[in-house]
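Next up: just one chain, as structure tokens, the form predicted on its own.
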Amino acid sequence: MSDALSDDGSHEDSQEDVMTPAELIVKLEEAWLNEKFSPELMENRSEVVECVMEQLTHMEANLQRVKKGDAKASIHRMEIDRIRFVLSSYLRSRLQKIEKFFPHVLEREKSRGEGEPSLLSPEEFAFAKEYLANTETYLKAVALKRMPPNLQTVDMIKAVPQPYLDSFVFLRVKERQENILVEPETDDQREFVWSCAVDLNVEVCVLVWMAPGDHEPAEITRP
């Protein structure tokens, strides 16, 4: 499986990224897990989705040529079903976030700068706009038209909650990292500084906590 992929999702012959089917599935699983555990909508990976759907079509065609009763057929069918589950779960997670944060998603998409990667695929963008229009129509028909004139409009940006970006996330380190410093984001957090070193071989994370004025940091090791 080969596909020319660039940073902005476009196809460029000068920057061809050749992927095997196994590498393609790894890309899909990575996008799936990132989307599943992220509190906000991630950048769309439509090029990966299209390649996986094309690969599934080839796998289905190859499966039709396997002799009936061959044990390999059931194994290949299980692999196809597994890939379809991951792909469906990935797309479902994105649609759920679009429905939950649709005005903020559309605002981010409209305000992105030139050259920035698109947050939504064309199909997702059309879905988000239609969802916004249907929601506004429903609100007007059910409630707003019965309100006083000065209350018959609603600001969707203010009415719909934003993604909670301060929620915790799970990370998996791909390679050994040393001296990772977690910078404080607020004045309340400046009392503490956390540093982490991760060793993939022994699967141990060493957290170092240091308060202002401390010369010897306290060390906490968790297996």
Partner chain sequence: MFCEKSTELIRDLQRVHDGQLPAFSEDGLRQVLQEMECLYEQNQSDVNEAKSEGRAELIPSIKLRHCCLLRNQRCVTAYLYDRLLRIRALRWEYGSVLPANIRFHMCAEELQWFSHYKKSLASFMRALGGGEGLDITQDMKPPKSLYIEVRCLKDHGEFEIDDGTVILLKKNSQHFLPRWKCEQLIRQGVLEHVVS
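Positions refer to the first chain, counted from 1. A quick note: this is a predicted structure, and the numbers were derived from the prediction, not measured.
Below, we refer to the form predicted in complex with its partner chain, which is not included among the displayed structures.
At a distance threshold of 4.5 angstroms between non-hydrogen atoms, residue 118 is out of contact with its partner chain in the predicted complex. In the predicted complex, its partner chain lies farther than 4.5 Å from every heavy atom of residue 62. In the predicted complex, at least one heavy atom of residue 130 sits within 4.5 Å of its partner chain. A residue is said to contact a partner when one of its heavy atoms sits within 4.5 Å of a partner heavy atom; residue 50 meets this definition for its partner chain in the predicted complex. Contacts of stretch 77 to 98 with its partner chain in the predicted complex, defined by any heavy atom lying within 4.5 Å, are made by 77, 78, 81, 82, 84, 85, 87, 88, 91, 92, 95, 96, listed in sequence order.
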